[in-house]
Each structure stands twice: as C-alpha cells, then as structure tokens.
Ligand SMILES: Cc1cc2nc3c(=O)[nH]c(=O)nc-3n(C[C@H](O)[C@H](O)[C@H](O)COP(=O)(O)OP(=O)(O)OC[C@H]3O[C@@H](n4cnc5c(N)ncnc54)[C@H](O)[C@@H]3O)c2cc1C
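Below sits a lone chain in structure tokens, taken as the form predicted alone.
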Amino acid sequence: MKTGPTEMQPTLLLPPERIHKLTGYGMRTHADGYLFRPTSVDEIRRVLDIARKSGRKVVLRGAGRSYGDGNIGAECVIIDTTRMNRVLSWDAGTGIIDCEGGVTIEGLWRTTMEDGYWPPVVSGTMYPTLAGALGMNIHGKNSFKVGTIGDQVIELDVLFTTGELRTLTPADDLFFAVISGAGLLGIITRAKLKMKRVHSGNVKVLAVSCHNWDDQFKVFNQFEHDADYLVSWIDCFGRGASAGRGQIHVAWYLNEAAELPSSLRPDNQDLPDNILGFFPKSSMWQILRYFNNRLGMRFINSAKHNASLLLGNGKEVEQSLVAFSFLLDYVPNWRKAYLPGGFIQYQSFVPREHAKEVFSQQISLQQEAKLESFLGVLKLHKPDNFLFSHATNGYSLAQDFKVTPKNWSRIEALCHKMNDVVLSAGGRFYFAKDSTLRPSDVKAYLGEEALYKFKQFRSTCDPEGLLTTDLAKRLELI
C-alpha cells in the first residue's frame, strides 16, 4: 500500500533516530521523546514548526535536574537547550552577566569568580541550566536572606510558541509567571542577572549539633539575622526525644586582604576526584548501594549524628564556596545507588509557626509506615511574588525516598498523607521536587486566582497549547 505525502511527512520530520529515553533526575519516571538540541532562537522556531506539523506537543528540558516528571513528556518533541550556552557579556565593574539560557550554574561561577563574583543563588548541584533554574525558580541555602534566583534577574528574553521573542523585566506581570512557570509559557533564551560580590572564594562554616526539633529551630532563630547561609541535615530515623536531631551548618562570606586572593581562582575551587587522596569518588556509589536500605541508612544516619556530637560540634572551618554549596556533586553518580527503581525527593514549605508540628508529624508518618526518608534537609525561606511560588515565610524540609516496585504505592499514599498535613498548615510545594502531588493539592496551595491567571497567560503565550510536560498533565495545569 502506498503512503501519500501528507501521511509520510510526520515520519520525515521526526525520524526514529531522534527517539531518546529520558528520565527525571530521580530516575523513577521516564518517557521516550523526539530529542532536538537547537543552538539558536531560529532553530527553536524551526523545531516548534516541526512539532506543529507533526501533531506533537513540546517539552522544554535543560540539564534534566528536576527530580520528577517536570522535564519529560511521552512521545513529545523535546527541546534540549543545553547547547545554547554562550556568555554574551560579563561586566566585572557592575557584576552584571548576560547569557543564554543553556549556561549552567557552573558556567556562571567559572566566568565570574576570578573577578570576585559568585552566583547570588545556587542549588545543591552546579549543573542545572539557567533557563531550567528560572523555570522552576530554584532557591538555595541563603533563601531566607536573598530569596530565589528569580529575585536576582534584571531581564530575560522569552520565545513564545507564536514565534514572538519578547524581553521581560520585573515591571512586566508576565515576568513573574514565566519565572516559576515550569516551562509551560515560553522558552527562556537569555537572562541578565546581578552576581554577588565576594572577597574570598571561601566561607567560614560553623557546625552545630542538635538533639531534637527544639534545638534545630532555636539555632536557626539564633543565626538567621547574622548568617549568609543556613542549612541543616536531619536524621529522619530519630525518635522520641531524639526526633529532629541533626546538624546545622551556618556560613559567612570571608574577606581576604589580597586584592585577588588565590581562593578565587576556579582551579582552586574544583572538587577533588579522590577521597583521602587515593580512593576514586567515581566508585563511591557502588559502595553506597550496599547501604542504601533501611538498615544501612539507619546506621549511617546514627553514625553521622554521633560523629557530629563528638567531632564537629561548635567547630569553625574554612570551606570553598563550591565545596560548601554543591554537596550533590561531591560524589559523582551517587544517584545510581538508588537503581533500579530510582528515588523521589519530597519537599514541603511550611509557615514558621507550624513548621515544627508539621515536620514532626511527617517523620512520625514515615516511621509508622517503615518508609523513612534516607536524607532530610531543613532550610529557611522568605516569601516572593512569583505566580507558582513555593516559598513562604517559614521552613522547608526536603526528603529522599528510595523507590522499589513493591513500595511505590505505599510511598505515594504516605506522600498524600503528608500533603494533607502541609496543606492544613497553609504550606506549599515545589514543582522541581514533585512526583506525588494531586491536582487538588495544587489548587489548594496555589489558589484559583493564580491558576486562572496562568491559564490566561497561556492563552496568549501558547495559544495552540504546544507546551506540556508529564507533570503538567498529571497536575492538570494544562
């Protein structure tokens, strides 16, 4: 049977060699899509046209560091922006950098550090692209002080599916929707932001061990008006009087007398390849996988807590900005220890007055279900004006859950119970970390007004409804 030209065109436009299996960073979710890696705005326009003619939806993807399904889409055209990674201009006098959306956080600091500047907000890994970071509006360990990465942006260029390229600033209402909009309104092709002036490549870090939740919040309250960074590790296996135990790291920028101290040289910031000078870190994940179970992680968390009490408590050390900031990059391929099922990260944001109660209840629910998080991270935040904001005047707790074929339904049920607790306290969530939210959860924390406004923006920015993700479909955002 002969196939006519019209029927053949989608096959010609989307050859099978473009099909790639892509996953979220947690490796639990995956989807096959037609992968394109454009290098210019015009090439993106051509890919959008290919998607339109072939009847496919479009998913935007940067470095793929969102944990769940916010960067994948089954049988969709995938626009990977990582090749659009040029720094367009850098002014060491003003601290303003102008770059394409595919520039990574690593690309930012490697460009500016030798001139005495550091990215104002960074995630726990240096590899996300700037466009992806803005799409999810990432935060860092200094969120309580400077807000999110979106708060640092001067202007950005956004390409809409209509083909229009528009420059947005904080004077535009749409600016606050594209940033935080999870890649569902347009493609961020360029961003200009102000970097943070630093006088050393190192920070002073104080370690404070905490016996329980009361200690945790007491130390946060003690340092929040003074510190530049605050973050705490939480042992989610701690029970009773030890519930909430862990270790807080408080950090301050340093000033060095030299005009250009050697600590600002990028090569002095590089993370070491070995542990103790000889054991390759690239092999560590293979050892970690043997401990990556309830028994093993209970032991590791307990050992870490005891070590923090005996060895590090109250001590100050100097640490490079890279080593302090990017703990997720310290052990290459660490996430492989969670294979074959992968993992999810669950992060909730709770107002100050309810944080202790909510997080205590979350941990109790996990322990009752025998599904304790293998890692807990506590941070402090301030609210912002972005449409899909996750931030609040309060705290967040991020937690990692190992997924297996046998436990996924139990993890999902646990997360739904934790969601209910968070929502009852007026809490919020974060699309970059989500794998388990329900549409009703999203409506409850974002509110009908924000969702209506988002749909109004979509009607003009993406009138054909080309942009999608599996997350957007799951949460009924589109």
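This structure is a prediction, so every number in the text was calculated from the model and none was measured. Note that residue numbering begins at 1 and tracks the sequence as displayed.
Not pictured, yet referred to below: the form predicted in complex with this ligand.
Contact annotation: this ligand lies within 4.5 Å of heavy atoms from the stretch 137 to 145 in the predicted complex, the single such stretch among 264 to 272, 137 to 145, 360 to 368, 293 to 301. This chain is drawn without this ligand; in the predicted complex, the residue among 376, 150, 201, 183 with a heavy atom within 4.5 Å of it is 183. Out of the listed residues 187, 355, 397, 108, 187 is the one that sits within 4.5 Å of this ligand in the predicted complex by at least one heavy atom. Shown alone here, residue 125 lies within 4.5 Å of this ligand in the predicted complex, counting heavy atoms only. Within this chain, residue 427 is remote from the site of this ligand in the predicted complex, having no heavy atom within 4.5 Å. A residue is said to contact a partner when one of its heavy atoms sits within 4.5 Å of a partner heavy atom; residue 317 fails this definition for this ligand in the predicted complex, lying far away.
Mapping the unseen interface onto this chain, residue 81 counts among the residues with a heavy atom inside 4.5 Å of this ligand in the predicted complex.
Contacts between 57 to 87 and this ligand, taken as any heavy atom within 4.5 Å in the predicted complex, involve 60, 61, 62, 63, 64, 65, 66, 67, 70, 71, 81.
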